[in-house]
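Given as structure tokens, the chain that follows is alone and in the form predicted alone.
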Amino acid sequence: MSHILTAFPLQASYFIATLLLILGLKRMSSPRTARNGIVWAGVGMLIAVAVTLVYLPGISNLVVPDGSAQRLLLILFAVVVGAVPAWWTGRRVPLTEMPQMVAIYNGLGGGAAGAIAAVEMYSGRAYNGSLAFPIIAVIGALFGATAFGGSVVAFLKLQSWMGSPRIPGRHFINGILSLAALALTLASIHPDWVSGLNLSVDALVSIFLGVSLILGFFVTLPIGGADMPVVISTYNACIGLAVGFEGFVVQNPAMIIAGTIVGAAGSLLTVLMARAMNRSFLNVWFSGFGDVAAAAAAGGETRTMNAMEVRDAAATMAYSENVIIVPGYGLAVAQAQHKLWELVQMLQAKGVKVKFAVHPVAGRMPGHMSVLLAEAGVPYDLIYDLEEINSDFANADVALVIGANDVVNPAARNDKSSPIYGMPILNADQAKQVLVIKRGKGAGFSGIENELFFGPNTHMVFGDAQGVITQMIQALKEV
């Protein structure tokens, strides 16, 4: 009877936490309700953690002689050690560095799932009972450790601390690592199968986890930075599945449900990101896109870009009827979103109709530009995605491109030799006049030269986005 009284509030709390997580994720699907959705999901996770500590104080696998009270103190200490820096970095990290923060926090989730699996395997609990438990534990460890290793590389790339080196025979190396990981996965499911190797369970598990980490590192290492949105969403899916698998092992329904939801959402997001680039999942991970792009850029001929003064660009927009703005990562780097909204408000006061066009893979992670504009207070009804606004460019007087590159490159439509050929783009080149704010004449993040910059109806306004838009605002005051 006492067991039932204890289990009921625990399971009921998990149910409430799961419901809040699902509703929170649903609300995150719209910019209008995303902030509220984050709060709902956060409250759900807080409830799940709190009731776990209250009703299952003995869940820790740490060996402390004095009993569960000391174990609970260690758990609370670990929570503080993780929560304080996360809260501090979450509040201080600028939006331009949000992608790498997402990458590393995703990775830590995978590392946590891998650590849970490791503890269950080292202790032998994963091998008690049916064969299903070690299978689930080992697969979860594989996903978690591989995602952790790959997420660290993604973080280093996005932080510009690591490039995308060309590794001779990388497919062969990755193939060997994959086969080794598969063999160790099978061996770790039932250590008795490899008893002839004279390896202890601890040694076998350690080698398995090490190879999984290295596999994630080497698979991600050659991938170009322009493909990081797909990489991050893929690892997000893997981490969700890893958490769900380990939830089965430790019999925690909150982990099972939350992990499954995150895994499904990450998988769908990966498909959508790859589709937005008109590339298959395998092409993103194994094509060496960054190398192809760099080679294409290196072989291009030198051409001239038509420049325009800031004052002339401002006047052009002031006397237009329809202006479409295409934000890119350069806007985020310059932290010019607030100045841009001020500029838009001034144009609207002069009777100009202004819209924002956001490509699905603009920025460094999914939804990056939408978050950037929302932070500046841009109304959601002014923000349109690719399918909604592409047909409007032909009737636009001006398309203002700020720091965007591949997502407006006409080579995706016209040049079959281009690495991005077939990728759906925003049709900015079809506007009557195109104004591009750009810091310099170099290629974008992917290394591909943008045909838009050399178009007959394109004028470049060189300079940092923050400075250029500030000058535009001043010029509009004088028009």
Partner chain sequence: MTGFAALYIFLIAAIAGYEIVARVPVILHTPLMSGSNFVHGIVLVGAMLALAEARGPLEVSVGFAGVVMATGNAVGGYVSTERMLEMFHSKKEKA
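Positions refer to the first chain, counted from 1. Between two forms, the rigid core is the largest collection of C-alphas that superpose within 1.5 Å. These numbers were taken from a predicted model, which means no experiment stands behind them.
We do not show the form predicted together with the partner chain, though everything after this point is about it.
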Quiz item: in the predicted complex, does each residue in the set Gly111, Phe248 and Leu269 place a non-hydrogen atom within 4.5 angstroms of the partner chain?
Solution: yes
Self-check item: Stretch in contact, per heavy atom within 4.5 angstroms of the partner chain in the predicted complex, of 30-38, 409-417, 449-457, 430-438
Solution: 30-38
Quiz item: Of Arg92, His171, Arg166, Lys350, which residue is found within 4.5 angstroms of the partner chain in the predicted complex when only non-hydrogen atoms are counted?
Solution: Arg92
Quiz item: What is the one choice in Leu131, Leu197, Ala83, Ala307 with a heavy atom within 4.5 Å of the partner chain in the predicted complex?
Solution: Ala83
Quiz prompt | 4.5 Å heavy atom contact, Gly367 and the partner chain in the predicted complex | solution = yes
Self-check item: Ile16 within 4.5 Å of the partner chain in the predicted complex, heavy atoms
Solution: no
Quiz item: Would Pro191 sit within 4.5 Å of the partner chain in the predicted complex, counting heavy atoms only?
Solution: no
Quiz item: Is there any non-hydrogen atom of Trp87 lying within 4.5 Å of the partner chain in the predicted complex?
Solution: yes
Exercise. Would you say whether Trp341 is displaced between the shown form and the other one, judging by a C-alpha shift of 2 Å or more on the superposed rigid core?
Key: yes
Quiz item: 2 Å or more on the CA of Leu372 between the shown form and the other one, with the rigid core superposed, yes or no?
Solution: yes
Practice problem: Align on the rigid core first; then say whether the Cα of Ala115 has moved by at least 2 Å between the shown form and the other one. | Solution: no
